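A lone chain, given as structure tokens: the form predicted on its own.
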Amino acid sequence: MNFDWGYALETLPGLLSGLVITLQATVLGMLVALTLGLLLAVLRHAGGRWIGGAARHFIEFVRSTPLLIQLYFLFYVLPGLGVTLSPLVTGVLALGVHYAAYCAEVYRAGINSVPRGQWEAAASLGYPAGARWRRIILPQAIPPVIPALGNYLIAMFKDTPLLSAITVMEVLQVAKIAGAESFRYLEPLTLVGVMFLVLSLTASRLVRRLEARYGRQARPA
């Protein structure tokens, strides 16, 4: 099968519109993951027996079930419970919650690596709990784990094609529809592969820069 550049250019505008949806889902999903993941990590560490235990069990449950099942549950089961969301919002929520469980473990590693003396110094200075986390612990815990969080951003980006299962018109879904209409899959799927490759390599390079800047950052003793 020969690659038809004319047909490839013809499908490109539609693929680019699908790529915008893919990037929206990735960026919004990662914002949810970073925020919810940090909340879960803090609750697990400082929430006491009941709240901390609930956060731990939630993290383990989400990590132990496939993202596709979570997508189906949110899209097909929640409407029966009276909660109806658009496909894109459902996809963003599913990606965010799924990766929040992994981000929470990354945050937890950073929190646990803060020297015990820093906790004791913050307590001895009379900081309330909120200020202690905001001004002492998190500024030391988060920078070293930024590269790991960046890796999850790349992984989420590559998982966005799963959103086609709930009718989100992301870039791969657009390519499949174009191929089904013309019976030519080579061009649209090749272009999608190139898009994912270029964007993933670009993100990987940014993550390496972050790792060089923060990964070996020394903490105060």
Partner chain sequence: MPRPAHCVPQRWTNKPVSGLIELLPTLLEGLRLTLQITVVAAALGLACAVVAGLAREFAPRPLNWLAATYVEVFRGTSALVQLFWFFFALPLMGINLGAFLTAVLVLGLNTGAYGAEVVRGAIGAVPRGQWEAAASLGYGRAGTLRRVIFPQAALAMVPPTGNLLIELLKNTALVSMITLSDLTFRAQMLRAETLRTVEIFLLVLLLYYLAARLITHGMGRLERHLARGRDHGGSLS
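Keep in mind the model is a prediction, meaning the values are calculated, not measured. Residue numbers count along the first chain shown, from 1.
Same protein, other form: the form predicted in complex with its partner chain, not shown, and the subject of what follows.
Although the partner is absent here, residue 83 lies well away from its partner chain in the predicted bound form, with no heavy atom inside 4.5 Å. In the predicted bound form, its partner chain sits beyond 4.5 Å of every heavy atom of residue 12. By the criterion of a heavy atom within 4.5 Å, residue 206 is excluded from the residues contacting its partner chain in the predicted bound form. Using a 4.5 angstroms limit between non-hydrogen atoms, residue 158 touches its partner chain in the predicted bound form. Contacts between stretch 151 to 174 and its partner chain, counted in the predicted bound form as any heavy atom lying within 4.5 Å, involve 158, 161, 162, 164, 165, 172, listed in sequence order.
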